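Just one chain follows, in the form predicted alone, and it is written as C-alpha cells.
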Amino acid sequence: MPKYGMVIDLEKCVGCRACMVACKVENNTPEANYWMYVFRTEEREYPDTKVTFLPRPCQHCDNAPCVKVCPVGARFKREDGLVATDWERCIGCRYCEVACPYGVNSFNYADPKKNQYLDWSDADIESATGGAVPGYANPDLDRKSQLEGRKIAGSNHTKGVVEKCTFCVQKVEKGQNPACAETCPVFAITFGDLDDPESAASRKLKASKTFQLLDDWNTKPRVHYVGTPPGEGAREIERPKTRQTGGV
C-alpha cells in the first residue's frame, strides 16, 4: 500500500496561485473556500523588502488532531496516508475546524447551488460562454472511494458539512496527480508515494533540505517544504475574501 505525501519547493514557487485555481475547478469548491491556499508574505522594510510564497494544502497528518476529535468518524485516516472526510456522515459540528492548527477546513454555509461564483444556466452567461463551463459537474466527485466505499471526493455536496483538501483522491485512485501538482507551471509541487524510495517525491525529499509546518505540534504532516520558512517578522499580504478561520 502506498503512503502518499507531497513535497513543495518554495525556492521554485512564484506565487502565481495557479494551484488554487486548479483546485477549485477540479473539486468544485464554493465561493470563498480555498482548499489550496498560497500565502504571500513580506519581510523586512522598504526598500529592502523580500516577498515569499507558501502554498498550504491540507497537511494530511499521520497524527491528525481533526481525526481524534470527530465524534461520528466522518474524518478518518486512510491506509494510503490521506486524511479524508465522509461528507455523508459529517454532522457539521466543526470540531475538526477548531482542532486543526493549519486552518485547512471550510464549512459549507450555503446551499451548494447558491454558493457558486456564477449561475452558469443564466441566459446572458450561456450566450457568452457558448455552453462551455468549468468542470463543476465532475461525476468522479459523487463516486465512492475505492478503499472504503465512502463518499469523500470533492466539495459543495451538502449544506452544513466541513470540507477540505483531499489530495484530489478521485484522481489519485486513478493513478493521477492532484490538480495542484499537475497545474504548477514551475513544477514546485511533487506528489507521490513517500515510502517508495524511487518515487519522484521521495527522491526530492532525500536530495533537499526540508521543513514541516508546526512540526513541534507532533501532528506529523505528510507535506514537506524545500527551502526556508517565512521569517519571524513576516507579514501576510494580499489575502482574498475567505470563510476559513485559523491557520498558520
Partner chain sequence: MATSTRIDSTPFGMGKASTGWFIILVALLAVVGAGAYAYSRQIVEGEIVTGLRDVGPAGGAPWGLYIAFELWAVGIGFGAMMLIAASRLFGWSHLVPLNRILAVMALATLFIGGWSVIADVGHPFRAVINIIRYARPMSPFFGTFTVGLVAAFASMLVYLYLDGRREASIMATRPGRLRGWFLLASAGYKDSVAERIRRQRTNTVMAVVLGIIGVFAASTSAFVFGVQQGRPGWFGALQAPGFVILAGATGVAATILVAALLRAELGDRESFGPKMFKWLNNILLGLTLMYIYILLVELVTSSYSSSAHAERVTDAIIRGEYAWMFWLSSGLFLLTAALTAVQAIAGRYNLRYIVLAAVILNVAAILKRYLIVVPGLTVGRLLPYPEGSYNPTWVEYLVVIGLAALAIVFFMVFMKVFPIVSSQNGQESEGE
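Here the structure is a predicted model, which is why all the values come from computation and not from measurement. Residue numbers count along the first chain shown, from 1.
Just so you know, the form predicted in complex with its partner chain exists too; it's not on screen, but the next bit is about it.
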property	result
is_contact(Cys90, its partner chain) in the predicted complex, heavy atom dist at most 4.5 Å	yes
In the predicted complex, Ala207 touching its partner chain (heavy atom, 4.5 Å)	no
Cys70 within 4.5 Å of its partner chain in the predicted complex, heavy atoms	yes
Interface membership of Ile152, its partner chain in the predicted complex, 4.5 Å heavy atom rule	no
Contact set, 189 to 214 vs its partner chain in the predicted complex - heavy atom within 4.5 angstroms	Leu213, Leu214
Cα separation of Gly149 and Ser155 in the predicted complex versus here, shift of 3 Å or more	closer
Closer or farther: C-alpha pair Arg143/Ser155 in the predicted complex, relative to this form, given a change of 3 Å or more	closer
